[in-house]
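Read the single chain below, which is given as structure tokens and is the form predicted alone.
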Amino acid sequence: MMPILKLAAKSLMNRWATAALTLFTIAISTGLLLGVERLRTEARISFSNTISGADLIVGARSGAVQLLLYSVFRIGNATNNITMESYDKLKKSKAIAWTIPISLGDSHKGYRVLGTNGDYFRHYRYGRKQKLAFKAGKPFSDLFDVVLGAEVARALNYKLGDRIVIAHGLGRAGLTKHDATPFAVSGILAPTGTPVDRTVHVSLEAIEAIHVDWKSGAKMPGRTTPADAIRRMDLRPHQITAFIIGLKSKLAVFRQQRRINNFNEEPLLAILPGVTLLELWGLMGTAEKALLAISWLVVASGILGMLAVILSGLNERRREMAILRSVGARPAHLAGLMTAEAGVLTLAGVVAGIALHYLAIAVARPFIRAEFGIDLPFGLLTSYHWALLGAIFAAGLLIGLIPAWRAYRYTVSDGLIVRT
């Protein structure tokens, strides 16, 4: 076996340019497959950890996915709000460690405005239970302070101290601007790769303040209350859109979920965010499978490219085969040589593909983390990855059987015939 491998290696070195090109093709294919698979896995983990550390999300009774979409991803709207009386009553449970109230409904140049309180910055977690960090500034302290997500600040070129105006309603233009009560940027959050980056954060009291002169969703004509007068008002909110719950013990999660879902004062829905995130990811499974299928097609094209190179060179190597036969090589030896060459090329391509995979992670990791919030670890390849690489190597060996069969059928006289 070893003499065949040595002969295959020397034969490939003799045709180093063609062999290098084939090896590079397989390496690119292997590296792409590993990269897509790791990115797919980490994207799923990142998606599942868009919000982490939260045990329940509570909103008006609707669908679980709908509640998750508007409370976490800022997509869509709630069917109804939750009264503060219900919120206060529910959060007094001894099993609850903390809550984060959420109020939605306004926007700023296409970005959703979220009303909350200081617990949002203390308890909200994403990814692998990472805390929200400030790139600049601090949480809102004044009534008309605003904290911007990283994407909002970057896209609109905002900095600390800039004044912004919130609009009533959604969309880039909004319905009506709350221009009588502008906000000052007090903080800019560090990138998270989650919907937090696309959110404008204000206090719950600020949401009430900008709607002082509003009634039934419309501004009262001719009425504009000065900002100083608004500051002296009781701005405790009457309603919120949803709230997030963290429990003291995970064992109480189903009991609290049942308690909220059976709440008598108003119809509410409590969902487990992790379970609902997986359900939502399942709806996107087609795109995930398509991405993996494309990667396998690239690998197949690399293997087929190797076959084309070996077959095209086989006709030119008839004289070499005849010489080998004349010095005692049997047809089985020639077939073994072709198979060994395919195996050596595939194995070298797989090893080079692994190296390219880690090199790509080193180069792209900061960009992917900043832009998409996906952390690509330098972890060792898993058993699943090794199974993929084994499948590529096996495919290369199987493809090598085709030129091996042709070489097996060669005779000494084939190498002496001049074909035109």
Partner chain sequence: MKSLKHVTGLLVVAALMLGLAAGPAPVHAADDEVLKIDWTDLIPKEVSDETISELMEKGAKLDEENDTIFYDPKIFPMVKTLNGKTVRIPGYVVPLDMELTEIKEFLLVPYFGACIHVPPPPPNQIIYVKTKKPLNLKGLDYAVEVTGKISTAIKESGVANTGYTLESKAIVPYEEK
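Bear in mind that the values here come from a model prediction, so they are computed numbers and not experimental data. So that the term is clear: the rigid core is the largest set of C-alpha atoms that superpose within 1.5 Å between two forms. Positions refer to the first chain, counted from 1.
In what follows, reference is made to the form predicted together with the partner chain, a form of this protein that is not presented.
Visitor: Considering non-hydrogen atoms and a 4.5 Å limit, does the partner chain approach G274 in the model of the complex?
Guide: Judged by the heavy-atom cut-off of 4.5 Å, G274 is in contact with the partner chain in the model of the complex.
Visitor: So in the model of the complex, does any heavy atom of K94 sit within 4.5 Å of the partner chain?
Guide: Yes, K94 lies within 4.5 Å of the partner chain in the model of the complex.
Visitor: Any of the heavy atoms of W281 lying within 4.5 Å of the partner chain in the model of the complex?
Guide: Flag for W281 set to yes.
Visitor: May I ask you to state whether G127 is within 4.5 Å of the partner chain in the model of the complex, using heavy atom distances?
Guide: Yes, G127 is a contact residue.
Visitor: Non-hydrogen atoms within 4.5 angstroms of the partner chain in the model of the complex: do A17, T25 and L359 all have one?
Guide: Checking in the model of the complex: none of A17, T25 and L359 is within 4.5 Å of the partner chain.
Visitor: Using a 4.5 Å heavy atom cut-off, which of 197 to 205, 103 to 111, 73 to 81, 256 to 264 contacts the partner chain in the model of the complex?
Guide: The contacting stretch is 256 to 264.
Visitor: Tell me, out of T176, S141, S249, T224, which residue has a non-hydrogen atom within 4.5 angstroms of the partner chain in the model of the complex.
Guide: Checking each option against the partner chain in the model of the complex, the one that comes within 4.5 Å is S249.
Visitor: So which of I45, A394, A387, V363 gets a non-hydrogen atom within 4.5 Å of the partner chain in the model of the complex?
Guide: Spelling it out, the residue with a heavy atom inside the cut-off is I45.
Visitor: When the rigid core is used for the superposition, does R44 move between this form and the one not shown (threshold: C-alpha shift of 2 Å or more)?
Guide: Yes: R44 shifts by at least 2 Å between this form and the one not shown.
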